[in-house]
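Given next, in C-alpha cells, is a single chain: the form predicted on its own.
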C-alpha cells in the first residue's frame, strides 16, 4: 500500500467531518422547541429553569455552543444526555453492538446473494432465468425498506408465526440463535434494495467480461462457464461492487435506523428516534456524528481496498500529486 495515497485519503476525511459537524449542530439547534421545556414542572422556578439551561450551555449563542461542543468532542467527551443524565458515549456504546451486528449482517448477506444472482443472470443472459432475476431487481429497487419490513412482519410474524415481530431477544432466553431468529426479518428488509442494486451491476459486468479474450480462451480450452466466472470474472467484477458498498454505507446506516424502529430492534436507530422526540441535543449530535463516521469509514475502506486490488488507482493518485 502506497503511504502517500493512504495519508492523502486520511487527510481528506478531516474537512468532511468538520463540515458535517457544523451543519448538523446548527440544524439541530435552530430547530423549534426547547429541550428543557419537556422537563419543566409547575414546581420548577424560573431560577431553577435558567440554571438548568446554563448547565447545558443553552443560554450561549449557537456559535459559542458549537465551539464548546467541539472542544469537548476533541477531548473525547461527547456530552451528557439531558433526559437520561448519562454520558452520551456510554449510551451509544451500549446500543452500538446491536446496530453494527445488524448492519454488517445485512451487508454480507446482500453481497453474497448479489454475487450468486448477478453471476447467474450474466451467464444465462437472455434466458428465462435472466428475465426472472432482472424482474426481481426492478421490484427490489422500487420497494421502500420500511414497507417491505412491514409486509414481512405481517406475513411471517403475525400470519405464519415463524419469526418474532419485534425485539432482539426472547425474554428469559440468552442464546446466539435466538438473536439470529429475531434478526432474520430486519436483515431481509434492509437487504432487499441493496441486493437488487448490486445484482444489476454484477450482471452487467459479467456480460461485459464474457466477451473478453481471456474468457473466450479459457472456455475454448474446455473450462466451464461457471468455472471461468468463479475464478476470473468475479475478481474483475468486484471493484465496482466494493465502490458501491462504500458509497452505500449511508443507505445501510439510515436503512438500519428505520428498520430498527419498525422491528423494535434495540440499536442506535431506536435511540436516535427517541432522542429526536425528546429534543435531546447531545445524544442527537452523538448519533449523527457516529453515523457520519461509519459512512466516511466505509468509503475510506472501500477506496483502500480498491487501490490495493487495482494498482492503477494508486498510480493515478500519485500522478495527480506530481
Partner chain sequence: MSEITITEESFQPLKLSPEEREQAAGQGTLDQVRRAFRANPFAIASVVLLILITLSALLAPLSPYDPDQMDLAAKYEDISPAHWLGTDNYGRDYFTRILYGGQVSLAVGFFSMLISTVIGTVYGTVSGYLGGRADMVMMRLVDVLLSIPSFLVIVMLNAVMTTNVVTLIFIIGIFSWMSVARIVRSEAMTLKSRDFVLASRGLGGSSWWIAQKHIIRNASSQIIVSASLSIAKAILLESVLSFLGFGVAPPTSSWGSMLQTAQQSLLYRPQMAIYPGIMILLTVLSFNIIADVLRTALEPKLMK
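Positions refer to the first chain, counted from 1. Every value quoted in this text rests on a predicted model; they were computed, and no experiment measured them.
Although not depicted, the form predicted in complex with its partner chain is the subject of the following passage.
- Contact with its partner chain in the model of the complex holds for none of 10, 113 and 123, as no heavy atom of theirs lies within 4.5 Å.
- Between its partner chain and the residues 74, 180, 173, 151, the one pair within 4.5 Å by heavy atoms in the model of the complex involves 151.
- Segments offered: 114-122, 134-142, 75-83, 92-100. Contacting its partner chain in the model of the complex at heavy atom distances within 4.5 Å is 134-142.
- Although the partner is absent here, residue 147 sits close enough that one of its heavy atoms falls within 4.5 Å of its partner chain in the model of the complex.
- The shortest heavy atom separation between residue 20 and its partner chain in the model of the complex is within 4.5 Å.
- The closest non-hydrogen atom of residue 58 lies beyond 4.5 Å of its partner chain in the model of the complex.
- The closest heavy atom approach of residue 52 to its partner chain in the model of the complex falls outside 4.5 Å.
- Scanning 286-302 for heavy atoms within 4.5 Å of its partner chain in the model of the complex gives 287, 288, 291, 292, 295, 296 in sequence order.
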